[in-house]
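Only one chain is given next, in structure tokens, and it is the form predicted alone.
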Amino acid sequence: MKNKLQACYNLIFQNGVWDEACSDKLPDTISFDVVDKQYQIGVKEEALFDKPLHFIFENNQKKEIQFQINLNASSSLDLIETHVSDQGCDTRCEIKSEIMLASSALLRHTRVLLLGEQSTLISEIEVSQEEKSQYQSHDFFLKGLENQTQLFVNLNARQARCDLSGLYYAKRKEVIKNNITVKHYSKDTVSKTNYKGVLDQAATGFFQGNIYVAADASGVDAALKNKNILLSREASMHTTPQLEIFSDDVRCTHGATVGQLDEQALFYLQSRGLTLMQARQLLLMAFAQDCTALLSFEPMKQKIESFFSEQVYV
């Protein structure tokens, strides 16, 4: 199957239904069950894996899918999601995921959306973290008529940390919507959120980011950033970063930018012998690179960089 990745445990979902025959066998340290139409994944305590778990969603119908993912204490997992659909299909898929990380658990969660031109994906992800747990989320929204994501992260115990990054590209009349909420309920918790977007033609983007710090959550370190580049006058971006802080002893920052490619930088690069197209490509690569550089799984990193080389840097 063309969407499978080497050196992964591949699980195939055809129109929301697990395809056991085409999927790989999982190791004993991962449990996989279906309970009341909800897929439940459990990772045993202190479990480590030699390769990532890869969910492949091939959806050409209107579907609703539910997941529950539970990492027990001191376990670690790399989870990759690839979402694809046929070009001519008018599809709408809704996926709801509940993720629970026990103490000292680590989840690296990468989502890649390569949907057809008439496809919509709506994702709701809620993460609950216990003491010293880590959640790393890397979202890449590359193709699709409309992509909506609601991500809620609850830092419930000391030294829990989340690192959230996103890179989205939209053109024509495509729509990107991101609603990111991080709630610091405990002392000494950390969150770093960095989303970037490139919008072309008549695409529209929305980013709503919120950091909440509870009254007794001292020692919190939180940062929220959203940066966007518009490649045409018809493209638009609406960004709203917000802080709700009810504790004094914290370090919290937020910021957002919407603009075009730097004209002075373009001029400088052309003065050094580059064409306008080459200068533009170089600036866009630099803009996106800090997001792709976070990926530790090289085959997926190469796949995303190839997409940008073929679709964006042209």
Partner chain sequence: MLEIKNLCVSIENKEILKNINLKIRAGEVHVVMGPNGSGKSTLASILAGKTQGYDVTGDVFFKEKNLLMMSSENRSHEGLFLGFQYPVEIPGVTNIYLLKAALNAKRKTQGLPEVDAMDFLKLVKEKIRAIGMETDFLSRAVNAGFSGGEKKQNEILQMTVLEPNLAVLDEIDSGLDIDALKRVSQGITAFMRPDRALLLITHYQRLLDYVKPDYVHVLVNGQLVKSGDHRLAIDLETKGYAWVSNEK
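From a predicted model like this one, the values you see are computed outputs, not experimental measurements. Numbering follows the first chain given and starts at 1.
What comes next is about the form predicted together with its partner chain, which is not displayed.
The partner is absent here; in the predicted complex, the one residue of 269, 258, 250, 30 having a heavy atom within 4.5 Å of its partner chain is 269. Residue 283 is the only one of 245, 26, 283, 47 with a heavy atom lying within 4.5 Å of its partner chain in the predicted complex. Remark: residue 38 does not count among the residues lining its partner chain in the predicted complex, judged by a heavy atom distance of 4.5 Å or less.
Contact annotation: residue 64 falls outside 4.5 Å of its partner chain in the predicted complex, judged by heavy atom distances. Heavy atoms of residue 276 reach within 4.5 Å of its partner chain in the predicted complex, making it an interface residue. The partner is not drawn, yet in the predicted complex one stretch among 53-61, 259-267, 30-38, 66-74 has residues with heavy atoms inside 4.5 Å of its partner chain: 259-267.
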